[in-house]
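In the form predicted alone, a lone chain appears below as structure tokens.
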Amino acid sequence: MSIETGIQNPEAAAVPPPGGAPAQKKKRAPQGHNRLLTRRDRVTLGLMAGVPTILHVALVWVTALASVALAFTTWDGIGFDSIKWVGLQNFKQLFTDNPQFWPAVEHNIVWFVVLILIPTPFGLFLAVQLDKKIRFTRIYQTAFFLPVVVSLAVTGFVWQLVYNPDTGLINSLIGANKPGHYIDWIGNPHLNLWAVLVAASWRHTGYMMILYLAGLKGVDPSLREASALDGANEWQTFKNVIFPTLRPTNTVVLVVTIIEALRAFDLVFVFNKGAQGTELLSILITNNIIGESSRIGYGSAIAVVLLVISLAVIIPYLIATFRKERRA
């Protein structure tokens, strides 16, 4: 009879017994994931990521693509109606008829060779010495790295004072500041490029020092200890143990030095605006685009040449870096 009652009245089973615990409510299934970011957070994040991206695309990518397109045209910069398609004429004129182009290429090559042969080894030497944890190492690091922080335009003005033929430091020290004995470090086409390179090397040394110092901090100390136990002296340890481990740093140094040689502009422009023996590709671009006779198409052609040279260096470096990350 109890069975029949239970079958006929199924709802009775759901009624809690007198004095018993109340029936527990069923938990609702989760309706999706809880949102971690509020609407205000998403708007803030969108602005922080979107505004720099838009500026980067507009100021870098759009202008780069526009330069590539304008390299095949002639344009004086006054109205878009004056843009005329000329094909490869700008490049042909650049390679054959411009007496400043090949000297500018040569000067950029000289710039790279000097930076890789003088300030780079000297920066490595300073990094090795500072890595020995000598006293006042922080002060030395700051002093050597200070020229890198200072604007290149300011650096140019400072070295202009040093090279001044009348009251400059160098002429005063060597006694060449008297009438008839002046040495014009900036105006002499046989000296001015090397004078600018001294200033560029002074700045580049601190840059290389910091890069190599960061690389030396990542060297395993056990390698030094093992080399010392084998009886190697300090030079043998550096040549056979430390320097091979700096291969990634050397790659970065090489790429940075090439880029610095190609983008050289500020120092030369402050010194003598790239005239009389200090021509550079960047100076030619500026003179043709924003000079007295605005030849935007021709200046863009020079910019494309500089872009191709830069990509020829950067792309292999990026490929090697990506391959290394994939293997890791």
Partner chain sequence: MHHSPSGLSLPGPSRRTLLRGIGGAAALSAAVPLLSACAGSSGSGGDSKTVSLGSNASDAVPKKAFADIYAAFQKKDGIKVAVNTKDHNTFQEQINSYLQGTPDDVFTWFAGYRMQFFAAKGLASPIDDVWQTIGGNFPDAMKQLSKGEDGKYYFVPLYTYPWAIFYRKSVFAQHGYKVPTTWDELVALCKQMKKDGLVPIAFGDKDAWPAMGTFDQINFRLNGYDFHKSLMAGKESWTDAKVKAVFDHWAELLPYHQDGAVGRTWQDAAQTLVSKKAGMYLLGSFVAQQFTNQADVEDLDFFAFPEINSAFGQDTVEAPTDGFMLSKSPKNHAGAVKLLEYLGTPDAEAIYLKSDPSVVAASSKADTSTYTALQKKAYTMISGAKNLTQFMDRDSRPDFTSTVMQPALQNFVRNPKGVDSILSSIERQKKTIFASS
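Positions refer to the first chain, counted from 1. Quick caveat, the model's predicted, so the values are computed rather than measured.
Not on display, but discussed next: the form predicted in complex with the partner chain.
Asker: Exactly one stretch in 133 to 141, 220 to 228, 114 to 122, 81 to 89 has heavy atoms within 4.5 Å of the partner chain in the predicted complex; which is it?
Answerer: Stretch with heavy atoms near the partner: 81 to 89.
Asker: Using heavy atoms only and a 4.5 Å cut-off, determine which of 240, 245, 172, 74 is in contact with the partner chain in the predicted complex.
Answerer: By the 4.5 Å criterion, the partner-contacting residue is 74.
Asker: Of the options 186, 126, 104, 152, which one has a non-hydrogen atom that comes within 4.5 Å of the partner chain in the predicted complex?
Answerer: Going through each option in turn, the one that passes is 186.
Asker: Quick check on residue 63: any heavy atom within 4.5 Å of the partner chain in the predicted complex?
Answerer: Flag for residue 63 set to yes.
Asker: So in the predicted complex, is the partner chain close enough to residue 93 to count as touching (4.5 Å, heavy atoms)?
Answerer: Yes, contact at 4.5 Å.
Asker: So in the predicted complex, does residue 44 come within 4.5 Å of the partner chain, heavy atom to heavy atom?
Answerer: Output for residue 44 is no: heavy atoms all beyond 4.5 Å of the partner chain.
Asker: In the predicted complex, does residue 49 have a heavy atom within 4.5 Å of the partner chain?
Answerer: Flag for residue 49 set to no.
Asker: Every residue in 259, 285 and 300 with a non-hydrogen atom within 4.5 Å of the partner chain in the predicted complex?
Answerer: Every residue of the candidate spot has a heavy atom within 4.5 Å of the partner chain in the predicted complex.
Asker: Even though the chain is shown alone, can you say which residues of 198 to 224 have a heavy atom within 4.5 Å of the partner chain in the predicted complex?
Answerer: Result: 207, 210, 214.
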